[in-house]
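Have a look below at one chain only, the form predicted on its own, in structure tokens format.
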């Protein structure tokens, strides 16, 4: 099925960057530039290994290109924490910003202010509504989340024997990536698996403990529950704990989005049957490349879709490289002459 969380203050970002210095290139490999450019990555939350891995890729690429690099983000995936960081970065006026907005709507105004200040904006992972279309951002780089949701549905249906009761447990409405995952899952189930009843989606506010409670309450109300799609990493953590608490590991099948390091253990102990892995380092690398292209007058690709891979216990060893690497192990920059993945990949 392969297809190729206290706010972190900006003065502290050097500590984060220093921890992920494995991708730096020698000065001889840096392209000649008319000026020294600066770029900042603002992630959805600094507590997530997905974004930590993205930071590793972005830092490595910025080092190779000779760009000054900083990294910031909230401790929890919420607009109320992210917006002050966005405003602070705008006041510092870097040349370019990569941003994973925590809401399709709440981040529009602060991002417009950033764009109007002359800062080149590249969306990574998540987006605001019509960000590229309306000229707020120059490029949007993410995995194909709709396709990832479809793949999760196919995996779960096979595990459930094409029958039974399933549920999607998601974060919050209004997040571009997780909305698309749920949409893809629901579309695939409705179109091809009439023997599976999909309960209404429930939301946990990006809280593992809330996801655990949702799983337990849903199972109590629907003992026929045999399938769950957990739409992000904290949801997956809570669902896994809930399945264990109700004593149904392996009985309630669990497909989770994102391949965090703890997911290896969950795959091995049977509380998760498959994880849908993204390529966060590559998203960070392409984000920096497109920012550099915008700053140097080169072509900017409006939409880039990186790959997804479904990892199960059976192929865990072969696909180990797709587990996220928040310590930057094995992450190095890609050549600026690389061809970006196409939107359909």
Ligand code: T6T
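Numbering follows the first chain given and starts at 1. Here the structure is a predicted model, which means the values were calculated and not measured.
What comes next is about the form predicted in complex with the named molecule, which does not appear here.
The stretch that touches the named molecule in the predicted bound form, counting heavy atoms within 4.5 Å, is 229-237, out of 68-76, 88-96, 264-272, 229-237.
Relative to the named molecule in the predicted bound form, residues 61, 120 and 292 are all farther than 4.5 Å at every heavy atom. Think of it this way: in the predicted bound form, the named molecule has a heavy atom of just one of 218, 103, 140, 177 within 4.5 Å, and the residue is 177.
By the criterion of a heavy atom within 4.5 Å, residue 55 is excluded from the residues contacting the named molecule in the predicted bound form. By the criterion of a heavy atom within 4.5 Å, residue 48 is counted among the residues contacting the named molecule in the predicted bound form. Looking at residue 204, you'd find every heavy atom of it more than 4.5 angstroms from the named molecule in the predicted bound form. Although the partner is absent here, residue 188 is not a contact residue: none of its heavy atoms lies within 4.5 angstroms of the named molecule in the predicted bound form. Along 238-270, a single residue, 258, places a heavy atom within 4.5 Å of the named molecule in the predicted bound form.
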